[in-house]
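Before any questions on binding or motion, here is one chain by itself as structure tokens, the form predicted on its own.
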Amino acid sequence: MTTAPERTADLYPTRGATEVATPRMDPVVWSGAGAPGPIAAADLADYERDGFLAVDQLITPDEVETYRRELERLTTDPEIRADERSIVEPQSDEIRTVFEVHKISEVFAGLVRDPRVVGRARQILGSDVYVHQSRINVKPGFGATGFYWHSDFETWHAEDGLPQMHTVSVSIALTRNYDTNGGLMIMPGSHKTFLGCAGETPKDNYKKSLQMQDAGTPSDESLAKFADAHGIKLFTGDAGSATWFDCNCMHGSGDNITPYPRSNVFIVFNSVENEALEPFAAPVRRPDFIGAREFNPVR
């Protein structure tokens, strides 16, 4: 008689009857403080403490123009718009996000492989990495909606089946980030506590959550406590700047009601030692273009 494989222990319970705060069980920097790589030891220590690292110029102005032209090409292509990997803005009906851009576009595939990018991911995670998710985000002026406060890991754990916090994201600015045009906000140090959210996950939740998040959002009371404890950091910077941040950072962004667009390319690197399993708190997996099921390391 055969027996079913043992279920991996759920270190981070979420989507139950009540919110549950769980201390982080995993390292933040997996490679150790003296690990070789493009990140200086002092910056790596700051990342471990705060959960993020800002880089003033990750890519050059000429490279910014190349990626911006490619973003424009993708978001104006009727075939891309009709693809399920494209998410449109609810109010303006314009493209908000295009997923899996490293597979759609060789230009963005090259960015994923760039040593300045993947090298930092390997250094933080202490292993080879694969792309769990990639996308371009377009936040045009005059009304583009923001992303409510959340931990990415809460979603990736609940709905994609990532077992551990062995994942890092990078947001690379393709337009200038002002303090007024809906920039990224992070609560420094929030990555040390996992906030399991209340409420079950609806089937095909991703179809709604990619436009307006509902399941997996913390309560106002918990967010107020986190903000009081950690504060809020708003990221500004020129095109070409980048922010690396831990998968469990509490973060969000506001609406953009200025005339100035805010666009970025967003890449999520997961350790090859942290392959996605079955969802921990959802009835079905999200599509592969949102949460990868191919674990081939970036070369």
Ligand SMILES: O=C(O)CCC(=O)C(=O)O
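Just so it is clear, the model here is predicted, and its values are computed rather than measured. The numbering used is simple: start at 1 and walk along the sequence shown.
Only in words, not in the display: the form predicted together with this ligand, which the text now covers.
- Proximity to this ligand in the predicted bound form, taken as a non-hydrogen atom within 4.5 angstroms, holds for one residue of N248, N270, N264, T243, which is N264.
- A heavy atom within 4.5 Å of this ligand in the predicted bound form is found for one listed residue only; from V98, L195, L71, L184, this is L184.
- If you check this ligand in the predicted bound form, you find a heavy atom from every one of R135, F147 and H150 within 4.5 Å.
- Under a 4.5 angstroms non-hydrogen atom cutoff, this ligand in the predicted bound form lacks H191 among its neighbouring residues.
- Taking the partner from elsewhere, K139 is found to have a heavy atom lying within 4.5 Å of this ligand in the predicted bound form.
- Exactly one of the stretches 228-236, 24-32, 249-257, 51-59 approaches this ligand in the predicted bound form with heavy atoms within 4.5 Å, and it is 249-257.
- Residues from 44-83 do not approach this ligand in the predicted bound form: none has a non-hydrogen atom within 4.5 Å of it.
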